[in-house]
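First, one chain by itself in structure tokens, the form predicted alone.
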């Protein structure tokens, strides 16, 4: 077992790759009563086209999310939730665009709870009847998202921004797409992705790392799988599919989200560096400490819910911003003008250093959350990155890199704007493809 020490973070990580390919990482927290176990699968909603050992598959939208729901069913009609309740475990799960994760928090019976977590994720049990029953539950969840302006404004934005990449589609799919999911669909996707070599098991707490490794060896399959090739479609052009989209919903004031397409990062350490550069670029442009944010907020053009950031997935990347505003077009134009100003004057070194310290501090503070540690360690591992290297990467990022990213990315030709306005207002749409 390897021990990696990170003095700047005050963290020690024990790591071992099992013979079946599963990577186990343990962050020991002496004296803490809580233990957090996290089993992540490198499989998300964007993984709809793939091949395994030369056999090609195309699955309906929403399968990864559907699988997450069904994994809690156990043979014999039982449920993993019932097993956790016997030992006081608090389990949950989620599906994102690029990852599916199952986790449990507990203070007692730690090994029993972690064993249940490993067992149920590696015990697929789907029947025609149970798959059909779940269809109605997930359809209700989809309709709930469809009624949420916060969800719809970003789903609409991604569909406008990208022409081919499966990020265009909702994580849960549509009522129509889940209608095509069968018992066989779930088993095919499960056997393709739910393999030890495509997973990571992370535990944070006052535990014995060697004991966690022995547990993982006893409760995971003997073989690791592999051979997955993913297909996200042809490379994206840097211009959006559609520059403006607008729809109406029942809400009190308009909400919006905008994106600027960026070149996707390469797999490996460069992906973390680009993420940090993009994060700092967004903060310098229109983050809470920027001059533009202060002006827009003082003039009541945006409110405290406004946010900005960088988003990157396999094959795509973008700088985003969004919130509520009576005139989203004014916000978008102000951001474009600020990018021109920064191109001409540059980012002040004082502001850059301040934002860099602030961004580093936020990440360090996030290590107080066991869930955040587990999620970030797993998600970054799937991108070929050791998450705890972030202080060193931050130290290397320069103001010139951030300025160059802004100059290349924040261009009118790369921008898409999604707006949702109250019913009764007339949407102002540009022609498709503009």
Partner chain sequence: MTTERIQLRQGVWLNYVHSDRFKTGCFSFNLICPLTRPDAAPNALIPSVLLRGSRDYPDLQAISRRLDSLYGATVGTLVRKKGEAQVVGLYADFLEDCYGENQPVFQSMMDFLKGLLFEPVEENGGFLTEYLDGERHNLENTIAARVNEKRAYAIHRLLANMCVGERYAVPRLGEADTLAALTDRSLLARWRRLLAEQPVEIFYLGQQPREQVTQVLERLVTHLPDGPRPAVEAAAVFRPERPVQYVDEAMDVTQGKLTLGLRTPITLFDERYPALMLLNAVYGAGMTSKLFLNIREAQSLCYYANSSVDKFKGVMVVGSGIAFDRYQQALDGILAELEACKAGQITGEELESARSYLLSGLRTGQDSPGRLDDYAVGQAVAGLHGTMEDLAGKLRAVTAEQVVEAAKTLTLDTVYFLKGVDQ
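Just so you know, these numbers come straight off a predicted model, no measurement behind them. Positions refer to the first chain, counted from 1.
The form predicted together with the partner chain is left out here; the points below concern that form.
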Just to confirm, residue 250 within 4.5 Å of the partner chain in the predicted bound form by heavy atoms?
-> yes
Consider residue 335 of the chain shown here, and say whether it contacts the partner chain in the predicted bound form, taking contact as heavy atoms within 4.5 Å.
-> no
Even though the partner chain is not shown here, does residue 298 get within 4.5 Å of it in the predicted bound form, heavy atoms only?
-> yes
Does residue 361 make contact with the partner chain in the predicted bound form, using a 4.5 Å heavy atom cut-off?
-> yes
Of 133, 191, 164, 214, the only residue with a heavy atom within 4.5 Å of the partner chain in the predicted bound form is 133
Only one of 290, 271, 243, 177 comes within 4.5 Å of the partner chain in the predicted bound form by heavy atoms, so just point that one out.
-> 290
Every residue of 51, 307 and 330 near the partner chain in the predicted bound form, heavy atom within 4.5 Å = no
Going by heavy atoms within 4.5 Å, which of 193 to 201, 217 to 225, 115 to 123, 90 to 98 lines up against the partner chain in the predicted bound form?
-> 90 to 98
Does any residue in 352 to 368 get within 4.5 Å of the partner chain in the predicted bound form, counting heavy atoms only, and if so which ones?
-> 354, 355, 357, 358, 361, 362, 364, 365, 367, 368
